[in-house]
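A lone chain, given as structure tokens: the form predicted on its own.
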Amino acid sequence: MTWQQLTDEQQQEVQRQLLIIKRGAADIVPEEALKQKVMKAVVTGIPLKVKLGLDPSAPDIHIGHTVVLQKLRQFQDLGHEVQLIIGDFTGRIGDPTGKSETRKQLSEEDVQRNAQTYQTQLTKILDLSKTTFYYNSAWLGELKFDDVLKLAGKVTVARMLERDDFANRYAANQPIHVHEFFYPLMQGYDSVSLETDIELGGTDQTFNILMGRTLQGAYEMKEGQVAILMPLLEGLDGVQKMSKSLRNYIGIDEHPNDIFGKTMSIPDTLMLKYYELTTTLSYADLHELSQSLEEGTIHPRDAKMKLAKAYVSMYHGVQAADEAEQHFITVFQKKALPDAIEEKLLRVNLLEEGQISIIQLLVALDLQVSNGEARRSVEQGAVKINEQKIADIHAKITPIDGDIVQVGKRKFVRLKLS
């Protein structure tokens, strides 16, 4: 099919879709094939099959994950089909991408529990009526050993060692188990089984996604899938990839006040990137915002507040966004205590002679999850009781009803003895 064979109306629609699809993408391989696929879909009315594989070993979605998920939603809004692969079979191995050692295999129970958590969270971003969920055990679990041998015969060891993580481990004489080579093969075979047109992923998934295109060719599928690779989003530190383990993330299931407050700590230099990759702001509005920031007609703080409110609205609703904004203004801009502070019960049997250690207190009130976290909060000067900073990790507190215990800028509890 050539461009000249399309009507003017069809050409305009192809251009419209490509503009949306390419927004924010780090790379498209091969780009001309994407254009051909979109042209074919527009002319025939047959939607494209757009795939994303999910590793159920890490089901808590944060803003970094939504870079790819927002792109999937754009495809849905353009009328295309989304194939969401819950890697219940591949998850038993674990993606070796970026790993310096063999990953622990997950149990089937772990995989199923995590997969259910994923589906619950995805309702906040995707249109589930236009989403088909697949478990790749449906086809991978049915392969016989001779099928596995044929699959393994499609790719050489030299090709596998092109992966940086494998190459680095090999050079350092670190073990690489044979089953790890099967992860990209299995992910690629998913695309063969589902006849995927386009696969999405972060740039760290380049090898795995291109393997799908390679295997489709090896299985004589004439039109291999197109890889759309999205940039990795830096976290709140402005340097490292957003990650829960690095504590530089914004979780979409976090409390609205935490989402709002964390968003306000995004480095100014990354704000436009966050807008482009993780919101539905139009090209025109994004350009206007960029110009306003450059000309100084809008303060970065105000632009960030709009971003924070957008996130809370997207994941918790408009009312929660309004309340989180008011909370932030009250607590941080006016430097006052919020009007509504959650009351927490403290059991008197935890007290010794009417006192409790500051570390114990923070954990008992669920303000920190562990003694280590509580200790770090005190050491960092983040803990206050009745607006008085507690800087001694060995401090003993004599709690009374009504005490306001605060950790950081967003966590407040009104204490009640029980």
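This is a predicted model, so every value here is computed, not measured. Residue numbers run from 1 along the displayed sequence.
There is also a form predicted in complex with a further copy of the same chain; it is not shown, and the following applies to it.
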Of 155, 264, 341, 272, which residue is found within 4.5 angstroms of a further copy of the same chain in the predicted complex when only non-hydrogen atoms are counted?
155
Which one, 118, 89, 75, 328, lies within 4.5 Å of a further copy of the same chain in the predicted complex by heavy atoms?
89
a further copy of the same chain contact at residue 283 in the predicted complex, heavy atom, 4.5 Å:
no
In the predicted complex, is there a heavy atom of a further copy of the same chain that lies within 4.5 Å of any heavy atom of residue 315, even though the partner is absent here?
no
Is residue 134 near a further copy of the same chain? Define near as a heavy atom within 4.5 Å, in the predicted complex.
no
With a 4.5 Å heavy atom cut-off, would you call residue 85 a contact of a further copy of the same chain in the predicted complex?
no
Out of 319-327, 224-232, 299-307, 178-186, where are the residues with a heavy atom within 4.5 Å of a further copy of the same chain in the predicted complex?
178-186
Using a 4.5 Å heavy atom cutoff, which residues in 122-141 contact a further copy of the same chain in the predicted complex? It's fine if the answer is none.
140, 141
